[in-house]
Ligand SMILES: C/C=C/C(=O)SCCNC(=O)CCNC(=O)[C@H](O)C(C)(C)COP(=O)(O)OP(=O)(O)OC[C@H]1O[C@@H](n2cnc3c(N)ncnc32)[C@H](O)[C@@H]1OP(=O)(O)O
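For reference, the chain that follows is the form predicted alone, supplied as structure tokens.
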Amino acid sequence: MTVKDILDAIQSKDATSADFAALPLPESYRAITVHKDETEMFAGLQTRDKDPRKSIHLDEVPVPELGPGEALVAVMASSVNYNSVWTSIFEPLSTFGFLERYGRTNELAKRHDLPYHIIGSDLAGVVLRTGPGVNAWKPGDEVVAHCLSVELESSDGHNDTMLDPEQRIWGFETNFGGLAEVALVKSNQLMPKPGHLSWEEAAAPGLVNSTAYRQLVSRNGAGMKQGDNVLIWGASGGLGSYATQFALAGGANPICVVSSDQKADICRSMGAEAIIDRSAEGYKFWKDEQTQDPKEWKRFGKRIRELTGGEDIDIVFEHPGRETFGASVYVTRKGGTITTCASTSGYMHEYDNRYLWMSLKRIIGSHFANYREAWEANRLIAKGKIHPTLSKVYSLEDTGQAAYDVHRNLHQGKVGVLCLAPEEGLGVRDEEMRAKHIDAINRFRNI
């Protein structure tokens, strides 16, 4: 039995759930990995100089054992997130430490502690097998997966699954991720694949869409409301492109910060009007590595007020981190909120606390999304309220180049990866709905 037989079944219009259940599993499959014995390969190099193309491998790996509450999924497509970049350059930590710790928690988790790490935190595909205790899904179901892996044996996670002590990000802090022909997930990671999208389009939103939803919309994040002025850093990027859509769909006013005319045009095409090109306007928030420039914060704040009719920012959608955080705190209105979910420019943030405490501002840490938030975010995709921001698609063999492009910020929106899908454009089930939204679906492809 080979993965080609699985692909034939998926592409057949007649295959039933029983047919998928009867398919023998292959002994091995192709997967994108990093290797434990190479974790020091970039020692001494600056972050920018670490090249994912050197550390990412395409290996043939054995199919993992299926446990209770789990599912094996044939992956038609996946995508590259920034956590895949971090994994590939072994920053800020090698992910093999995560796998070792997970492996010590229980007998079944030992499967994850391997000398290779199969990475990737998104997928769109078809269920092949389900383990004992799985009733909501069956072989043949077309699915996408969110990346929250939890055990829920502690009470701590039952109001918000992100607070579970055993919370992990699948494909980053666990093994058997989505950049592969087969993936192992907990069944409660699965959600219905939106029928009007192709495999690669459906795989693109998962991590970033759910992250943006929690950070901006959910009451666990900023709790955005109609009329809010929302400052969105990197508004045409993987996270920011979804935050911009959520702001517009929710009646808020996005102030989009971008770094080029092209990226500004993308934001305008989404419907945003208030745009700041930080490169063209020359903002330099740091005088040198150790010293920020408050005059630049003030110049930035003045520009924002020009775009908002004199109003300050209600919510800052933060993810660059060190480079921008001082400015973000400064420009937020009294009583406003800064939500942060990442630190792509450095995680040692510095800001003037006088502008925080004396103006009663809040900083909220936001990490991925809980089960409910991920489901709601996917539901909005399925309803055509929020759209994929897929700009380019790579083959599985070219995942290293895809990660390099994301690392060097050479991309727009999200970049996809074809896994089992032999070409782009497959997997669409609702052509009528697709036709209705085709311009929005292709918005990032036409740049």
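A residue's number is simply how far along the shown sequence it sits, counting from 1. Please read all numbers here as calculations on a predicted model, not as lab measurements.
Omitted from view is the form predicted together with the ligand, to which the following refers.
Here is the short version: of L93, L356, I364, L152, the single residue with a heavy atom within 4.5 Å of the ligand in the predicted bound form is L93.
This chain is drawn without the ligand; in the predicted bound form, the residue among L207, L179, A202, V73 with a heavy atom within 4.5 Å of it is L207. Taking the partner from the other structure, the ligand in the predicted bound form has no heavy atom within 4.5 Å of any heavy atom of N253. The ligand is not drawn, but in the predicted bound form it has a heavy atom within 4.5 Å of F172. The ligand in the predicted bound form comes within 4.5 Å of no heavy atom belonging to N188.
Contact between R333 and the ligand in the predicted bound form is not found at the 4.5 Å heavy atom cutoff. With the ligand left out of view, the stretch that reaches within 4.5 Å of it through heavy atoms in the predicted bound form is, among 97-105, 134-142, 372-380, 299-307, 97-105. Of all the residues from 368-399, the single one having a non-hydrogen atom no more than 4.5 Å from the ligand in the predicted bound form is F368.
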